[in-house]
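One chain comes next, on its own, written out as structure tokens in the form predicted on its own.
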Amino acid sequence: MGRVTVENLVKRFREKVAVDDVSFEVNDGEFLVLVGPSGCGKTTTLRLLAGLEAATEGEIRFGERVVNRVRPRDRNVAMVFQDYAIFPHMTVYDNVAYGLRSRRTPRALTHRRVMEATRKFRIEHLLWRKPRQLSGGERQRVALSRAMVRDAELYLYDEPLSNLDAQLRHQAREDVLALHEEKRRPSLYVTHDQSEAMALGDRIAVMRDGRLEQIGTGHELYERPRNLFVAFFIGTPSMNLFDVELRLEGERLVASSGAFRLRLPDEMRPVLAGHVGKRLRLGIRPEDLHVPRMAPFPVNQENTLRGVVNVIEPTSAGSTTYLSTLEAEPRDFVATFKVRMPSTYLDKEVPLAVNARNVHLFDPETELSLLHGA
């Protein structure tokens, strides 16, 4: 089939605009993830591609074929639902075989595909059980097996892991990727979990209020967010945001707040020259705050932020530390370290070194990035 193309897609439910002028492409063999908060339009977009909803405006193409008026069963789409959507009265075998049987696939071919799929997803020993006898992870693998037996043109996943506990999610991600590697067809995956999106997607499309905010690789979204929403949404923990004034002190460009004065790299001056004297939003990712003696760059008063330690949360990789700035109206912020911070630091004032080359600056009115907004 090649690529899937969506152009100027709009879906209205009376006065409510659920999908607002969305355009993107899913390349042949690509795994694209739609991510965003609940109610942003990502599931509606998926249903429009499946044909379960009719587009109000815009065009959907599978290869060169426009499918807006093509019935769901004739679009040759395989879909894995959030609630698995397996028939409770059927056995695992019958659930996996259902789509093939409805298309009158020869019995021998149906049996071969069912056995291949169930072996791949490790449920061949469950073929004659009913869904009520299965765990959540086993039900999810039934749904993936049912998708795998199809030779579909497009594979759609509607938050398929949201009902699984944390221990099962990692294995289920591998199962989803195994299905994609087996088929190598365009795939569209919907989730509200940005960590899941970063782990799975060849590219990620971030949605908000029915609109597409930015599309790119996980690295591109993390390093070069186009606006404040993408910057804050992508990354765990979320980016720290501070209100600052941009000043030119001699030859030095400085972002100043009530809590710190941060000298910005000289290479930022041409881009920010028109914003000197203005109030901006400064973004610092938690991993760009360092214990001064362990910082991979020279530390001085011009790249140091001080704060009071409120909470220390141990992690497998080190610790996540929650702090407050030292000013009349303290602001909370967070830092992540690759070492364990001792509990003796609680309620103590500590200095943190800021990697100024990795900071982000946003226009508070438009919320666009001043460094990466092009």
Partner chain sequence: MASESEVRAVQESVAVGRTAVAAPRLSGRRRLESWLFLLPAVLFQLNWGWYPLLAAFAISLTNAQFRGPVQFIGLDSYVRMWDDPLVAQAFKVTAIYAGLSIVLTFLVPIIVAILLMEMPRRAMRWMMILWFLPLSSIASTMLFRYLYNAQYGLFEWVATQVLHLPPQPFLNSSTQVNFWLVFPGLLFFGPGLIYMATLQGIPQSYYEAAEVEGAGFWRKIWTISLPRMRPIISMMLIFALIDSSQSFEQQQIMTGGGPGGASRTVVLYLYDLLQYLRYNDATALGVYLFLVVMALVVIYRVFFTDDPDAPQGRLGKLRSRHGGGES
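Residue numbers count along the first chain shown, from 1. This structure is a prediction, so every number in the text was calculated from the model and none was measured.
One more form of this protein, predicted together with its partner chain, exists but is not displayed; see below.
The closest heavy atom approach of Thr105 to its partner chain in the predicted complex falls outside 4.5 Å.
At a distance threshold of 4.5 angstroms between non-hydrogen atoms, Gly258 is out of contact with its partner chain in the predicted complex. For Arg47, a non-hydrogen atom is located within 4.5 Å of its partner chain in the predicted complex, even though that partner is not displayed. In the predicted complex, its partner chain lies within 4.5 Å of some heavy atom of Asp83. For the options His275, Arg269, Arg211, Arg73, the one in contact with its partner chain in the predicted complex, meaning a heavy atom within 4.5 Å, is Arg73. Think of it this way: in the predicted complex, its partner chain has a heavy atom of just one of Arg247, Arg101, Arg279, Arg119 within 4.5 Å, and the residue is Arg101.
Stretch 91-99 is the answer when you ask which of 202-210, 91-99, 249-257, 298-306 has residues with heavy atoms within 4.5 Å of its partner chain in the predicted complex. In the predicted complex, its partner chain lies within 4.5 angstroms of at least one heavy atom of each of the following residues of 134-162: Leu134, Ser135, Gly136, Glu138, Arg139, Arg146, Arg150, in sequence order.
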